[in-house]
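Alright, two takes on the same chain below, each alone as structure tokens: structure 1 and structure 2.
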Structure 1
Amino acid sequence: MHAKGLSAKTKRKMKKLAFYIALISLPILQFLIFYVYVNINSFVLAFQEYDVFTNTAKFAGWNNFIKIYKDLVETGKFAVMLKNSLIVWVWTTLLGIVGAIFFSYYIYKKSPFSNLFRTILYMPHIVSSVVLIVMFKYFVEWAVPSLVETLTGKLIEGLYSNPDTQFVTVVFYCLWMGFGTQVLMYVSAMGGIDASISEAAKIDGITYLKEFWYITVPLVFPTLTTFILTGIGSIFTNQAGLYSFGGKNVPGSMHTFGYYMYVELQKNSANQTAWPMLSALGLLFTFVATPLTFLARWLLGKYGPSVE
């Protein structure tokens, strides 16, 4: 009887294992094909060069990385893209998070006009990004100069067409666009805070600012950490909407890493000779972003606010 009981138990375990395997097989297959295979292929391509005469790829060693140094670093393009990418990252990720979490707290406390602010901040994610950029360009190019002329009598250029304010205008757009998702996530996280904690704090006479700093921020810190960590990768991938603003004709002084990669892939979609260099550049970005992400995660875990 004991042997039969073990046999039945083993059969149940086998059925559960078969169900589990069937459940995860498709996600694992997708991961192996669309992540592992694609990235391994990109890694191999970074050390190859394409021969147009023989229509084959051959090992190129470090030639693609040397080409990156000559074409981007020595010409100064890399420094410009690095500066612009970091500016966009600082404003949209670091400063954007600070603004978003304050707005979220304001909405969470159901302060005056909180629902209006929620709608205004999230509306950009409802409208198509291309349509929104067209509307935004018309506003900064025509409405703002007209408003300034009406109020001060001075004539000014459109904010996007003026080289002095062009990049600032794009950064402001990115900052505004980044609020919607963050506010939605933070408000949802704040909504999960046990009401008894806030009520107990109010009885003790805590102020709104202290409640925000000592209770709300620690309890939503995991959500905040997620945005910071994902933001690190965006340093090398965020094109800041530049392609929608100016297509392939954006001035070189405004290029970011993400925009450069996107435009180069668009221009060379059928030119296999350019793929190895782009793969090598992407590999470099990965080697930089990966340790930075793990370092930031360790620092946030070690020095971030504690729930206790």
Structure 2
Amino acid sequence: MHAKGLSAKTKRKMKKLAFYIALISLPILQFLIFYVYVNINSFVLAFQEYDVFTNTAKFAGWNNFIKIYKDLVETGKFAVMLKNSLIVWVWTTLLGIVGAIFFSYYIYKKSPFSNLFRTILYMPHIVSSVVLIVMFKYFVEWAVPSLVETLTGKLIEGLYSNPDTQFVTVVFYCLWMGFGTQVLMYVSAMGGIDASISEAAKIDGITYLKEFWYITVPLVFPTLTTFILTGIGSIFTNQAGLYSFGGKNVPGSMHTFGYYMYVELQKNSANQTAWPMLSALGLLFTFVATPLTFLARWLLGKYGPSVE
């Protein structure tokens, strides 16, 4: 009855609104449940302890943070995880970016075999990461020792089995795996550079390297910034494929923060008594990662290359 009085324009608007609400309600609901609720719950959990027999949680004050200090900091585990996480981050994010950007430039400039390199680098990404790690493990555990034996007659341990080369092997794997994605992104970003800029620079006599430094890098810098900023968060979440390499019991000297969190949750997936401490640890990571990310963003904005 009321609708009869509405103008055609209003009706159209209402229909559009209804469509918009229908479209957006599900993602908003998902965001509210799986982000807002989960994070609030995780925050609350960090200050609680759980009683398995009464199935209830009660306020625990700072106990979970004290437990983190006693179990992780005092024992030195935290320092080892920090060191390993930073090593993985430096190699895969910082040095990885440097290598990937040079390589991308090589491909972008259509240098010899650039398409072949692009295919070789990106090929692993169409295979499941678990399958890829299994293949990689076979390579370092079987192929490398066999090759060494054939060449030298000496029987050596697999690179992953040997404690002296175990971590290096894992870091190399992370670097190799991260490379393909980065190269793809940078090449795409470089492909968007206006060809006339490059041509004008060439007329002015710019060299191959100078073009890279003064034109290409500044123009793809926003993409680079994205990788660096998301990489900071990964210091606390990247498990470096360790679970796929060694399951739940990788030697402690190789643990990263991401691996520790993942494995503890795996081991205690139904043991709710362990969850509060893990929530507290997650909260601590957030407190460190957030300002670090903002600081990095400010630094990159202030000191990064300018397009002008």
Partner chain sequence: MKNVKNKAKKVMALSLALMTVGATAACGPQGEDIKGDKTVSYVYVVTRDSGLGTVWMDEMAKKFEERYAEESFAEGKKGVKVIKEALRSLTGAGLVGTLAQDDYDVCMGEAVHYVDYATNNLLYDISDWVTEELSDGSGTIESKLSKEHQEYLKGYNGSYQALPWFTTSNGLTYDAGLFDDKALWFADANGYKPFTTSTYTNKAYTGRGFVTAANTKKSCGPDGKYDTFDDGLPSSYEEFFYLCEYMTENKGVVPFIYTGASEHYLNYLFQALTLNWSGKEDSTTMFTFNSGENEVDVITGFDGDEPIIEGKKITKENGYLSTQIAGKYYATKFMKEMFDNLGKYFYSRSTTGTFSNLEAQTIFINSALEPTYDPIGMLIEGAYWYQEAADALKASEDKYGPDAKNRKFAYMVMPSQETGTVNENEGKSVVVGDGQASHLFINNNIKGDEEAESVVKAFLQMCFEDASLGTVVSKTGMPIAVNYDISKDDYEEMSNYSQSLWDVYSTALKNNSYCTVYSGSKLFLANFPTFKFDTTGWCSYKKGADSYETVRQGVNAGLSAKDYFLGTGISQDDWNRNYGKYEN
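Values in this document were obtained by computation on a predicted structure and should not be read as measured data. Under this definition, the rigid core comprises the largest set of C-alpha atoms superposing within 1.5 Å between the forms. The first residue in the sequence of structure 1 is number 1, and each one after it adds one.
**Student:** Determine, for this pair of isolated chain forms, which one is the form predicted in complex with its partner chain.
**Tutor:** The form predicted in complex with its partner chain is the one given as structure 2; the other form is structure 1.
**Student:** Spell out whether the Cα of residue 112 moves at least 2 Å between structure 1 and structure 2 when the two forms are superposed on their rigid core.
**Tutor:** Result for residue 112: no, shift under 2 Å.
**Student:** Taking the rigid core as the frame, does residue 195 move its C-alpha by 2 Å or more between structure 1 and structure 2?
**Tutor:** No; that C-alpha moves by less than 2 Å between structure 1 and structure 2.
**Student:** Determine, after fitting the two forms on their core, whether residue 94 shows a C-alpha shift of 2 Å or more between structure 1 and structure 2.
**Tutor:** No, because once the rigid core is superposed, the C-alpha of residue 94 moves less than 2 Å between structure 1 and structure 2.
**Student:** When the rigid core is overlaid, by how much has the CA of residue 155 moved between structure 1 and structure 2, in Å to one decimal?
**Tutor:** Spelling it out: core superposed, C-alpha of residue 155 shifted, distance 3.5 Å.
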